[in-house]
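In structure tokens, the next block holds one chain alone, the form predicted on its own.
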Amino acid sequence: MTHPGATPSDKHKVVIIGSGFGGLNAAKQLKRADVDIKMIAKTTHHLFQPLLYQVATGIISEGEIAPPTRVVLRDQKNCQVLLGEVTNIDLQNQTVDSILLGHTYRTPYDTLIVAAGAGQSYFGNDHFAEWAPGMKTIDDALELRGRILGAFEQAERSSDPVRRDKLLTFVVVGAGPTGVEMAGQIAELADNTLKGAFRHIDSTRARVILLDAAPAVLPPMGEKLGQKAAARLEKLGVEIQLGAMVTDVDRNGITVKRGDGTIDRIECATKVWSAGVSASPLGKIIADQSGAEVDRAGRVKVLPDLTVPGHPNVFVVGDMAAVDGVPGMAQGAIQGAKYAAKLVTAELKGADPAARAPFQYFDKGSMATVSRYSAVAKVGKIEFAGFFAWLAWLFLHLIYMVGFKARLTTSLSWISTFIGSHRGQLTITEQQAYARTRIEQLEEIAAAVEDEKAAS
């Protein structure tokens, strides 16, 4: 069926898939264009993903980094926000199919901007997700917060020292920016915020392990900054294990294959996965119809103008696009989206699509926070670490947050956490911690019932 907003219009129809950095910036760039925009996203919010780890460790609330998309865009009259998960793109007929609560809706387009982002990659071992949630969604962050804090609560009630050790062991898989930030904050949560809050256990004795199959911490940022980040983590008490490939994950721990071929077992209750990303499956749908290639992560190898072969009206931006020299970070999505939107506006005014200048990415640098008062930053050839890098990190992230209120409340939360030891978001519920496994159990029961009906 068609949705009410899909009535015929004389205006140029732009469909944007995704409400992340790419989707939101594309829509905003087209604010004054004479177009009819439909933004289709499977969530109702715009997620500031770089701060998800702070939701998971109780520093800020999910509302501070996930404002409702339709509220953000309510004053943009040429844009309609539609909730739904896109299931198919028909490049020949120029339509997008999305599903919401079992109903399928078809939306036509003249220009399509695909910014559906990426999910967590378990490198073919998707069953790891049950015991090692990723860090890509609000659900992931809240589930991890429930599991991290729940582990301390269970340890407080346990009289078995072996079980207590397992509960107080936290393993973060992946030594990229997210893994480094997560490991540092779990260590600070245990050493500062929860210190003295329990009577049966000492939270400061918690064991935090950061492991990666790679030989270095923060490989994209270079050896010098990686070593500085590693040194700071070790000062916090984080154990760094490199050259360690995860071969299995279960309820009670992780199995690791070392560089020398030996197999080790780490008993731990809480696991965090931040080791890889996989582009939206929409990338393959587009590639199959256009003849474009996809890389190992499922990203579409786009043309220099971020379009796909034979379809100059279909742009792929952000984490879904494989572009040499463009990292999978927010800046890549923002710049790519603005570039695509500017081309649409120019061509509506008569510009020749065949004369498009190729997309040029401007590298504004990369940063990662390690702990309070400590971060690493790389801007061009300039590398710096420590307190000033941390201040730069804070300032940059505040700039890119959406809305004055979000910036204000986040600033207050940071002041409370980093100057003192208080964290205002330590509430957890059973549903947050165990909803994933409960849903999977219900699905298994439903499947068993269907099998019985089929057999009878």
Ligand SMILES: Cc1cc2nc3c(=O)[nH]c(=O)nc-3n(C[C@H](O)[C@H](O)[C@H](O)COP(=O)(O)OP(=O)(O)OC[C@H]3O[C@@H](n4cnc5c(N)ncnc54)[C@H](O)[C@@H]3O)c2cc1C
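The first residue of the shown sequence is 1; numbering continues from there. On a predicted model such as this, the values are computed, not experimentally measured, just so you know.
One more form of this protein exists, namely the form predicted in complex with this ligand; it is left out here, but the text below deals with it.
Within 4.5 Å of any heavy atom of this ligand in the model of the complex lies no heavy atom of D202. In the model of the complex, this ligand lies within 4.5 Å of some heavy atom of I40. With a 4.5 Å cutoff on heavy atoms, T307 does not count as touching this ligand in the model of the complex; it lies far away. Although the partner is absent here, Q29 sits far enough away that none of its heavy atoms falls within 4.5 Å of this ligand in the model of the complex.
M329 is the sole member of L303, A269, M329, A187 with a non-hydrogen atom lying within 4.5 angstroms of this ligand in the model of the complex.
Checking V376, V217, A333, A275 for any heavy atom within 4.5 Å of this ligand in the model of the complex turns up a single hit: A333. This chain is displayed without this ligand, yet in the model of the complex the stretch 42 to 50 from 426 to 434, 409 to 417, 42 to 50, 57 to 65 comes within 4.5 Å of it by heavy atoms.
Annotation for 14 to 33: interface residues with this ligand in the model of the complex are I17, G18, S19, G20, F21, G22, G23 [heavy atom within 4.5 Å].
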